[in-house]
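Next up is one chain by itself, shown in structure tokens, the form predicted alone.
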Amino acid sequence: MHPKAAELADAIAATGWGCVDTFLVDAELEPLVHSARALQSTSRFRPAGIGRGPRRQVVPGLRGDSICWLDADRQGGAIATVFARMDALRLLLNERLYLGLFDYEAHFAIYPPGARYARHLDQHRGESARVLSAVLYLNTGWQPDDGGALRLYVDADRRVDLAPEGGRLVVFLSERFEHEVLPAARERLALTGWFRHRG
């Protein structure tokens, strides 16, 4: 079990969200970034959309990233390793918080410089499968002036900006917290996923 998993579970229990650094260390980030670049070089990434099904549309002014959905069983390597770590976290969260999390889905997301994702909820309208959103950042050497923070609206009067520093994991209740991705001065890479229940 990751040494910071219990800290994350306690934070979610107390506030509905949590953030831990060094969920991955630099030596673990490198092969994961390499996997993302390999998929990018074979044109596996597609412009991300908003909405689902017939309502889905690509609106770069609202969401400017490109994504590549992942299948750990097919892709193996560093991707399978991080999926295994996330599954161990899923089991701990179920044990500590009784969330009934059944599985984990994820994609790589690449934001070019200047791209953003406007304020939104991760829960699709009329659906409730996504319980927890989990964003794992893969950006090494990120500086404060690079921007690109995840802005989490924690209540009506308070927001928290979380820089996308490599190895940092942010987890929050999908149906509760609106959030946005602020523009960055450099490319921004993340592995974005959701812990889901059977609903």
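The numbering used is simple: start at 1 and walk along the sequence shown. This one's a predicted model, so the numbers in the text were calculated from it and none came from an experiment.
From this point on, the text means the form predicted together with ligand OGA, which you will not see here.
Of the stretches 39-47, 153-161, 23-31, 131-139, only 131-139 has residues with a heavy atom within 4.5 Å of ligand OGA in the model of the complex.
Ligand OGA in the model of the complex comes within 4.5 Å of a heavy atom belonging to His120.
Mapping the unseen interface onto this chain, Arg63 counts among the residues with a heavy atom inside 4.5 Å of ligand OGA in the model of the complex. Interface membership of Ala184, defined by any non-hydrogen atom within 4.5 Å of ligand OGA in the model of the complex, is ruled out. If you take 168-189 and check each residue for a heavy atom within 4.5 Å of ligand OGA in the model of the complex, you get His179, Val181, Arg188, in sequence order.
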